[in-house]
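This document opens with one chain alone, in structure tokens, the form predicted on its own.
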């Protein structure tokens, strides 16, 4: 496949720019071999042709000063940069650039854990630090703090937070638990947000807001700057930990299940993100579809019933955990059990009751132990591609049922299994739906793209917007956030034009394009 060039630049200018970049980072850290090293900067699971999101080159700096120099060269040569932390966000585009021909700015070498403060329970990290790396650092140094990790443990802490990802412990809202950023702006200048804007600040990772406008959110899911340092709050190791699983027998129980969970979550009786996981999602990490159904299309209810019986799963499977002194957890559990007893046929499981993959995977995540188990979902039907559809809704039984029926009908109609879970946060549901597909089958890829686009529009028409999406669908999702004559995007465009007038940073990220 031919290597694309950045838009509006000649081959001679491009080659000259690569030499200049090599002078900044060392030539061994500039990659432009389309048949070799550059292949690692593609979306391995892409729902569209790889040709739509291919880099022209990649460059890997080792310091904030090198990032500044790269940004200044990009302005000089009219290059477009696509920053990544670790490039492991494979449900939403991986390391590939949003715009074809952009240069990937790979921050993986900037992987230093700059500080961990056990007393105040925070860490200061560079963007290349992974969840696994931070977890191992805490263990090796006997630091009694827990991380909150995304499901794929190889991902970057900073990158996931910048994309507004979520986790599994009480610290699962990663943006809420972020405190202080260092950001390289599009002109090469550096700022620090919050208390970090004050020289010799003693509180950069302690108080989020500082003085004046609060800017941190402006850099999440955007292309207005490059985060080179981030503070994250860590969870003190609790005196007790009690994971639990509740199986709910029927799909029709979803309404009562969500109505039961809402007061438990809002009142913090369940302190972490509570998950209501469909049987196929739960089975997919430990079983294969062909063992229960060899036909074409979605798995029928009869096959699911047999699979659930074999694996000890309900139609819905609720996961949560309690943290703290045992007497406190006992009281919390009494409230949870009493509420769920109202649903006929529920079963309760605790540590030691199960030893299956699903239990180990969920139990580890809810205590901040990173792993890679979720990728086992790819074995469900032998898929080699996946993308997540992720709409938000209120925490009500009515909305959960409406979303479930809408998404299941559309995915099933296009021949795909419904592989979904409801994640209940502070006041909202993240409905995470895995779309699994075979990239070597053109007809299936075509169905997948049409299906995904219909999901976006149908959900938006019902009042449900996606909170993040794959590179290929960013413009469409943007178009659904169109209130007041696209007022939000007019502001974003004005910010982009002012802060990045040459349009060098991640063009098209979240649908924000430079106004050249």
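Numbering follows the first chain given and starts at 1. Keep in mind that what you see is a predicted model, and the values were worked out from it rather than measured.
Another form exists, predicted in complex with a further copy of the same chain; not displayed. Remarks below refer to it.
The single contact residue among 171, 416, 404, 359, judged by any heavy atom lying within 4.5 Å of a further copy of the same chain in the model of the complex, is 171. Between a further copy of the same chain and the residues 164, 347, 305, 72, the one pair within 4.5 Å by heavy atoms in the model of the complex involves 164. Shown alone, this chain has one stretch from 25-33, 38-46, 51-59, 453-461 that lies within 4.5 Å of a further copy of the same chain in the model of the complex by heavy atoms: 453-461.
For a residue to qualify, one of its non-hydrogen atoms must sit within 4.5 Å of a further copy of the same chain in the model of the complex; none of 143, 250 and 317 qualifies.
For the chain shown alone, residue 342 is not a contact residue for a further copy of the same chain in the model of the complex, no non-hydrogen atom being within 4.5 angstroms. a further copy of the same chain in the model of the complex comes within 4.5 Å of no heavy atom belonging to residue 241.
None of the heavy atoms of residue 447 is located within 4.5 Å of a further copy of the same chain in the model of the complex. Heavy atoms of residue 441 never reach within 4.5 Å of a further copy of the same chain in the model of the complex, leaving it off the interface. In the model of the complex, the residues of 414-449 lying within 4.5 Å of a further copy of the same chain by at least one heavy atom are, in order, 426, 427, 428, 430.
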